[in-house]
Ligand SMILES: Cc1ncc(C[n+]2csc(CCOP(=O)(O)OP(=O)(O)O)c2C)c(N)n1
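Next up: just one chain, as structure tokens, the form predicted on its own.
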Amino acid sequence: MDKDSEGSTIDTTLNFEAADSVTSRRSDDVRPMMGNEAMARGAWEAGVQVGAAYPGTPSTEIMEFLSAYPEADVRAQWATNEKVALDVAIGASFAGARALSVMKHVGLNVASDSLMSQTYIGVNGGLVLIVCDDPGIHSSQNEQDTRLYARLAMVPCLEPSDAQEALEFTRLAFTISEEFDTPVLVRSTTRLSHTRSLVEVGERSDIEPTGFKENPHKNVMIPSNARTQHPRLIEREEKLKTYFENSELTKWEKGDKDVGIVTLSTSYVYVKEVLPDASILKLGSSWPLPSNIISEFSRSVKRLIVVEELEPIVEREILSMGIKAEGKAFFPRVGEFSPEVIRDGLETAGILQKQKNKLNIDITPTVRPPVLCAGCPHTSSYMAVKSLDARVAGDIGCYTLAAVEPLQAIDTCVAMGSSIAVATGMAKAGTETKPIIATIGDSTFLHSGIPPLIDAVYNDVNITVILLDNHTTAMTGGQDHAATGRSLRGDETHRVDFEQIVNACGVDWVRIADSYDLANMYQTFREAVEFKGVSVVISDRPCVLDPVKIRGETLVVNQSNCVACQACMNLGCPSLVWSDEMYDGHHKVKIDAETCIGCALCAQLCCTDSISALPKSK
């Protein structure tokens, strides 16, 4: 037992049994679960009372699954952005309740300001952040490694390797948080979050909130208090190292002494598949590392290999301990690992012999171009933007697909909420002769688009903002936000009015345009860019897929009338396909009746009036 600087007792030998873990009391209830569902279950079993998140793949489903539990157990909500989500969880922790905040890896950039202060403050009720990384960049703008944040903030980072551990580690994280007075990161990856496997579940622990504890020296981070708290972080880190030395989270699997593998997260599963007889030290946390057991493990083998996705966090720490280790010389720092990647790396390291008769399967995947959905209301907005020959700063959302053919209407895309400020910078530079436009979605505008709009008005720049309002957070599967009028649980609530917000920011020129009225869209956009100052067009139409699928009358092309001008193909609509019929050496166009949703944008573009509603059968 150790004492912290304020005299409270911390049990550094805490293990799964002390944490009332599912591991120590398995039930007969076994269910198939995605990693995201298992983490939500683990939080619920831990007695979490408040959960907040901003949706972002691959983390989105965690809060959705958590909201399926009774509201009497947990108050789950969508927040306006990740910092707000973390601050809500922090507030609940101050009030003595166990609290959870969930985000994807780039969301932690937004929340990091609060995290870096809260790590000094510590917790009252357990405070856990689940952060889902995206190795391979399946649905993100970068491949950053959250473990670097754990080291920067000096907070423990637990790394489950499968759905069962996802539940257990999340549950345990709340106990670690309270025992060590620290926020705790639970790091997932796309593969863990979205892979389904069998999970043994337990019951909920009813944890009574302790209530707010008045302690300004601890809770108020002014410089004089922060100076005394920083040394406590270093003490806490040493205690956490001791904990991970003794915890069942750290597992030594003895095997072949010629080579020892230090690994963690989903990489452990791949190592076990490719090299089942190796000596393996499986780490349950990437920060801080249990240096004593790593040293002992290294002495037990002739050669030490570190297998970890993305950055060589563990490898560098082991090298800093004066232990000879290898890793990124054989395994890439980019992309997602797989058994094949692990085998190739071990072959390069000379640990496995190269396969002589390696099976090479020549597969040509079906081409699935990244295009906006059939009938997407964003399509007409970008058609109108493209007609203006403007310089366009884009933003994060499914509308970013307008950057590719055939629309090709976006010039830049940086990060969530960046478009308006980027457009402001372009205008201030004074080098651009084209009209300057920023495009931003409704959820993204609420997330981080309002401050840069205020800045643009304040600094009197000449830009046009296109607010693409499709009434949902479409990119992550149709989640509600503050402008939909519905909460995470589907309850009716206050609905933010975009026109009022834009006016309140000081914008004098605001118009709302129906995204399916193509002629009006073109005219409104022309008027917007002619206005001197900040103009805003709210392009208004609900998403055709989420939360419900919208479908009108299916359209059809009159082949005898079509002259193969192919103007409609500029929409990039996946329902428009080439016909076998020709006109003057060019393919005519036809419409896939199965996918057409009847938006009639193509009919508005057709110069020969060849597109109309499919005649109804008698």
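We number the residues from 1 along the sequence you see. Everything numeric here is computed off the predicted structure, so don't read it as measured data.
Unshown form predicted together with the ligand; subsequent notes refer to it.
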| property | result |
| --- | --- |
| Contact segment among 521-529, 101-109, 221-229, 286-294, judged by heavy atoms lying within 4.5 Å of the ligand in the predicted complex | 101-109 |
| Contacting member of S443, T189, T263, T464, with respect to the ligand in the predicted complex [4.5 Å, heavy atom] | S443 |
| Single option in A92, M416, V199, L488 placed near the ligand in the predicted complex, where near means a heavy atom within 4.5 Å | M416 |
| Contact test, all of C157, S177 and R236, partner the ligand in the predicted complex, heavy atom 4.5 Å | no |
| Heavy atom of G51 within 4.5 Å of the ligand in the predicted complex | no |
| Partner contact for G397 in the predicted complex: the ligand, 4.5 angstroms, heavy atom | yes |
| Contact label in the predicted complex: E82 to the ligand, heavy atom within 4.5 Å | yes |
| The ligand contact at T412 in the predicted complex, heavy atom, 4.5 Å | no |
| Residues of 131-167 having any heavy atom within 4.5 Å of the ligand in the predicted complex, listed in sequence order | Q141 |
